[in-house]
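Just the one chain here, laid out as C-alpha cells, in the form predicted on its own.
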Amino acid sequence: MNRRVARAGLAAAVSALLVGCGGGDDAQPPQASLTIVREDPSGAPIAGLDAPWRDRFFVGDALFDQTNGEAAGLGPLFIRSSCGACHADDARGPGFVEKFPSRPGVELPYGSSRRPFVTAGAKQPVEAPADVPTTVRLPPSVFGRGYMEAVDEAEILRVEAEQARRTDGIHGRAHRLAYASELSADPQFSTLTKGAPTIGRFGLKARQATLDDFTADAYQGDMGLTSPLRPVELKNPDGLTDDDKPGVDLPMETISDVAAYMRLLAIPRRAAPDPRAVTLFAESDCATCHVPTLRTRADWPVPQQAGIDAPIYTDLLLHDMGDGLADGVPDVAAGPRDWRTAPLMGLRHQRALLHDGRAKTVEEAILAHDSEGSEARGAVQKFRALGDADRALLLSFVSSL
C-alpha cells in the first residue's frame, strides 16, 4: 500500500483492499494475528477497526507524510519538514537529531538540539557551542505506539515497585511529569490524561505522556510548527517570535489526527517464539526491563487495545545505563545516563540499534549495556555465561521480534 496516496475520501476503498492482505475486519483477532510473520511494517492499521477509526487513520497517514513549507508555518528554524522524513515506513528513518551535552559553565540559551535549517527570515541556525561535541539520537519507530499509550499507569507502577525490591541493582523508575493541563487534543482521550503527575512513556527518555503531546512536541521542535498544545515558537538566535504564517500554525485537529494515526498503527506481526528462547530471555534478566507484556486500560477508547496484555517488550521505566551509554543530556527528570527501556516490538525492522545507532547487531547492543554504573551489568554477565547454543538461540529470538 502506498501510504502517500491515503486520504479520507479513499479510506473505504483502501480498507477494502486491506481485507486481502491481512488487515481487514475478517482478519484474526489482534493478539492472535501478532504471531504471523509480516515483513512489511509500513502503515498497516490495527485489524478490525470500525469505519470512523479507519477514516481518522488514513487522514493522519496523509498528514504524517505531508511536507510542510513556509506557508504552513515551517520554521523559522527546523530540522526536518515532515514527520515521515524522520520516521520512514513508521520505523527509524533517515532523519536524526543532534544533541548538545550539558557542561558546567556552558550556557544553552536555545536548547540542547541542533536546528540547522532556517527559513521565514531567520539567518542563524542553532549550532553546538564551541568545543561541545554533539551526540546523535535516532528517531524511534512509531508503529505499535498506541499499545504503549494504552498501558494502565497502575501497571507501570506495579513493575516499578517490583524492581525496587530487587537486590541486583535493576531499579527502574517511572518518569513522573507534572502538567497543568490535559495532554490530549482528542476529546475521546483527554479525560484519560488529565491531572498530575502523569507518567511519561514516549521519547527516548520518556519525556511525553501521550501521543498527542509527542506529536505537538515534534512539530514544534523539529519543524517549528506551533499548535494549541505548543503555541510558542522556540527561542532562536535571531529573536524571531513568529514565521511566515502569523499566529499558531496548526489546528488542534491536525495534532489529533496525526496522533490517531500513530495510535492505530499495528504492531508488526512476528513468528511464534521457541519456548526455550522465551525461558532464556527471562533467565538472563532481559525480561526484567524488556517486559514482554503489560496490561492496558479496560476503558481505553480503542477496543482492540483495551484490556489486553500488550506485547511491547518494555517496562516504560527509566534506567541508569551507566557512563558508556550516557549522552550527557538531561531531559526533564531524566538524567544524562537515564534511558527509557526501548520497546523491542518490531526490532527486526531496525537498521541500527540503541539510541544513537552504534550497535549494528543485537549482540553488540546487549554488550553495550555492560558499562560502568549500568543497571544491566548483571544481565550482560548472565548473557556471557550462556553456552554457545543457548546464546545463539537467545540472539535469534530477540532478532526476530
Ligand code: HEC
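In this text, residue numbers run from 1 along the sequence as written. Fair warning: this is a prediction, and the values are worked out from it, not measured in the lab.
What follows is about the form predicted together with the named molecule, which we do not show.
Between the named molecule and the residues A334, V59, L353, A47, the one pair within 4.5 Å by heavy atoms in the predicted bound form involves L353.
Distance criterion of 4.5 Å from any heavy atom to the named molecule in the predicted bound form singles out L211 from the list L211, L77, A266, A310. Contact with the named molecule, judged by heavy atoms within 4.5 Å in the predicted bound form, is confined among 280 to 288, 239 to 247, 126 to 134, 301 to 309 to 280 to 288. The closest heavy atom approach of P140 to the named molecule in the predicted bound form falls within 4.5 Å.
Interface residue remark: A260 is not counted as part of the site for the named molecule in the predicted bound form, having no heavy atom within 4.5 Å. When the named molecule is considered in the predicted bound form, R230 lies well away from it, no heavy atom lying within 4.5 Å. Shown alone here, E375 lies within 4.5 Å of the named molecule in the predicted bound form, counting heavy atoms only. Residues of 118 to 134 include none with a non-hydrogen atom no more than 4.5 angstroms from the named molecule in the predicted bound form.
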